[in-house]
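The chain below stands alone and is given in C-alpha cells; this is the form predicted alone.
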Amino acid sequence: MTAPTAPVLPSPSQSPWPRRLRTTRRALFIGVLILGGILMMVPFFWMITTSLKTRAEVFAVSPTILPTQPRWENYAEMWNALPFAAFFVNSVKLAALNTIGQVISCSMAAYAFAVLRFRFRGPLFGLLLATLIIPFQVVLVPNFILYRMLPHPFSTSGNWIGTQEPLWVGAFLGGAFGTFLLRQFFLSIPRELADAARVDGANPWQIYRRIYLPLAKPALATLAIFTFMWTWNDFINPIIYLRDVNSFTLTAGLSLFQGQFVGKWPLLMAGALVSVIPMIILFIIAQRQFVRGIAMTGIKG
C-alpha cells in the first residue's frame, strides 16, 4: 500500500494574487489621474460655454450648463470692442523677445558657471541663486525708478516709462532661474567632449556654440516654454509701465475690457479663451522637449 502524496502548493511566484493586486493598483491609479484631469478641465469647459451664452443665460437664476443657441458673434464683438489685434501682436512680440533674450543670456551664463574656471565662481553663483528668494514686489519700485531715470530718445516723456522696453530689455541681461536650470543640464554633459574639442584647437565660444548648445536642446526648450508662458501671462508689469492702449498686452487689455464693459461675461470669457489658445498650442507642439528637459535637468547635482 503506497503512502498518500502531499498536495503540491503553488509557489508564491505562481500565485495570481500579486498580479491581480498590481492590476488593481494600476487601474485605481489611472482612474485617479483621469478624474483629476476631468476636474482640471471643468473651468476651461465653463469658460468655453460661457463665451457662447447670452447675458441672460449667464445671470439666470437656474444656470444652464450649455447655451441654448451658441452665440459665435460674441468673439467678433469682443475683438472689435477694443484693439485686441494690437493686444495680441504686442503679447507675441514681448513673449518672443523675452524668450530669445533669456535663452541667449542664460545659456551663456550657465556655460560660464558650469564649464569655465575663474576666481570666485562658486560665491558668484551662490549670490546669483540668492536673488531667487527676493520677492518680486521688493524690486518693483527700484526698477520703476531706474527706468524713469534712464533717457529714451524716442519717448515723448523722455524716459522709459510708457514704452515697451522695460518689459523685454532685462531678459537679455540673464536670469537666476534660467541660469540655474541650464547649468544643471550642462553639468550632465561629459567634460571629455569639451576637452577633446580644446585639444583640437577650439576656443570656449566654439565649444559653447558647437557642443553644449546642440546637446542642450531639451533644456533650452524647457526654458523657452517657461519664459514664453511667464511673459504671456504677465499682468503687473504691463499695467505699471504701459500708458498707451495700443501698446497693451492681452492681459492688460482684458483688465481694461473688464473695467469698461462691466457684466459682459460672455465677451470677457471669449477674450480669455483667445488668450489661452496660443499657450495650449505651444505646449502641444513642444510637449516632448518640455517633459524631457524637466526630467533631465531638475535632478542633477
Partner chain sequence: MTAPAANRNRRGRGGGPLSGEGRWALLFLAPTILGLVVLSAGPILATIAISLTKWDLLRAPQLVGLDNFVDLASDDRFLLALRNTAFYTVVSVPLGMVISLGLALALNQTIRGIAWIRTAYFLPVVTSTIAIALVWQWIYSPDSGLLNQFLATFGIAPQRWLSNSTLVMPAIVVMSVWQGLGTNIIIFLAGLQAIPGELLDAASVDGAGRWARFRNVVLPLLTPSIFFTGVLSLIDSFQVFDQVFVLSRPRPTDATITVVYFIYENGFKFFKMGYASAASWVLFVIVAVFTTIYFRSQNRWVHYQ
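Only the largest set of C-alpha atoms that superpose within 1.5 Å between the two forms is called the rigid core. Note that this is a predicted model, so its numbers are computed, not measured. Residue numbers count along the first chain shown, from 1.
One more form of this protein should be noted, the form predicted in complex with the partner chain, which is absent from this view; the next part is about it.
Not one of His152, Leu187 and Leu193 comes within 4.5 Å of the partner chain in the predicted bound form, counting any heavy atom.
The chain is drawn here without the partner chain; in the predicted bound form, the stretch among 87-95, 136-144, 215-223, 73-81 whose residues come within 4.5 Å of it by any heavy atom is 136-144. None of the heavy atoms of Ile211 is located within 4.5 Å of the partner chain in the predicted bound form.
Residue contact check for Phe177: none of its heavy atoms lie within 4.5 Å of the partner chain in the predicted bound form. For Val245, no non-hydrogen atom is located within 4.5 Å of the partner chain in the predicted bound form, even though that partner is not displayed. Taking the partner from elsewhere, Val199 is found to have every heavy atom lying beyond 4.5 Å of the partner chain in the predicted bound form. In the predicted bound form, the residues of 117-134 lying within 4.5 Å of the partner chain by at least one heavy atom are, in order, Arg117, Phe118, Arg119, Phe120, Leu124, Leu127, Leu128, Thr131, Ile133, Ile134. Superposition of the core reveals a Cα shift of less than 2 Å for Asp234 between this form and the one not shown. With the core held fixed, the Cα of Gly37 is displaced between this form and the one not shown by 2 Å or more. When two forms of a protein are overlaid on their rigid core, residues whose CA moves 2 Å or more are considered shifted, and Pro63 is one of them between this form and the one not shown.
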